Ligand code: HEM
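Quick heads-up: it's one chain on its own, the form predicted on its own, in structure tokens.
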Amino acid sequence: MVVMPASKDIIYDPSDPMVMADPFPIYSRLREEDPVHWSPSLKSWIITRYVDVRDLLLSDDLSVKRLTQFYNALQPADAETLTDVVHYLNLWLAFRDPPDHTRVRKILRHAFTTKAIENMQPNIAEITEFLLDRLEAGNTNNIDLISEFALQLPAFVIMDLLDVPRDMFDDLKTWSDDMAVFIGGARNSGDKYARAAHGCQQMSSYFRELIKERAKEPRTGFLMDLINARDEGDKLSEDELVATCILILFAGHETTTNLIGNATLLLLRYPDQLLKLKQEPALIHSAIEEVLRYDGPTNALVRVAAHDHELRGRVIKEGQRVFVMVNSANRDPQEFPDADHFDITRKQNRHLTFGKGIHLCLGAKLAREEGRIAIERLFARFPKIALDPISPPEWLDAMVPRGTRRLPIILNKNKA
């Protein structure tokens, strides 16, 4: 076996503000020069080519069970802090390999039906109009689209889905943000373990009580479907139900928030594409797919090597962390003609944003519906919307999610 030398002059630093704002030039270099890149600072492999990302997501070379090894290597004090966090995260579908993954996914499919997602469409539209009405009635044209629209829309959708009162929004956002600094790979948060523990404890306690209440006083809806979900008599344990509710709340709003924000930003940066969409509204479906490909809400998926294996002449050792860079794969010119061109009419858009294989995101259809409705209605209500020329977008400091923390825009109300 010949081991390929690493490219010594490429330094991938996801905490660099320039890389946060636009990671695609460094992804292009990595694809060309060092597609299986070892990052000394991250102590991880960075995989950037489409074919490699796709094949790894479909293979058994990588495992999603990365938390136990991480937990066992912690200092005793940190391990104690994160005990509950790791317990619940290890029950997430996203962190389970077969056969556990197979069992839980079969059960969850009885709640995540196509009909259940379709039944949510009127509620998504109602929430969207409610938030846009509030923006219309506000005293300013200048807003942060993330905090005042893109964050609240999917959060309210998920809260309604799980029978959580909307006045719990601030609490749930705080708890979710506390967990995000740990799960999302934030690079500059020194207290992320304590914050994650606090967020997890609050959310698990809340959902445990809610599940007990719903079991005593049943009512129709998704949460009841989740509690009642069975596959050949098998059902989720109480801890699995709590963990699944946390996962749905956390993953269900963060990804869609970033999708709505990224879609708005791209359409405003590419007015020719926005004009196409206005002239042909039916393009909204392919427009959302192109946003998911071109600058999607998932930057990377994280795995660990299940065993020693070789990829492009590099030996990836069992237990080493691997970042499969979805957003890089989605810009690979070997898969997508004119890959760096944002084209809402693109055909054959086989992006990997929602994963591949057994871990394909169960909430993908819901995220697409929320993104479609949000973007359709936002630009219909505010056709003269524009980016704030003074305040640029502020990007998330994270390895896994990809989106803006703040997106200042000008609504230009009543000026259509």
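Computed from a predicted model, the values in this text were never measured in an experiment. The numbering used is simple: start at 1 and walk along the sequence shown.
There is another form of the same protein, the form predicted together with ligand HEM; it is not shown, and what comes next is about it.
- Within this chain, residue 214 is remote from the site of ligand HEM in the model of the complex, having no heavy atom within 4.5 Å.
- In the model of the complex, at least one heavy atom of residue 259 sits within 4.5 Å of a heavy atom of ligand HEM.
- The closest heavy atom approach of residue 358 to ligand HEM in the model of the complex falls within 4.5 Å.
- The closest non-hydrogen atom of residue 265 lies beyond 4.5 Å of ligand HEM in the model of the complex.
- Taken together, the three residues 30, 332 and 396 lack any non-hydrogen atom within 4.5 angstroms of ligand HEM in the model of the complex.
- Contact annotation: ligand HEM lies within 4.5 Å of heavy atoms from the stretch 358-366 in the model of the complex, the single such stretch among 358-366, 22-30, 42-50, 382-390.
- When ligand HEM is considered in the model of the complex, only one residue from 151, 242, 127, 301 comes within 4.5 Å through any heavy atom, namely 301.
- Contact with ligand HEM in the model of the complex, judged by any heavy atom within 4.5 Å, is made by just one of 208, 309, 346, 105: 105.
- In the model of the complex, the residues of 86-120 lying within 4.5 Å of ligand HEM by at least one heavy atom are, in order, 93, 94, 101, 105, 112.
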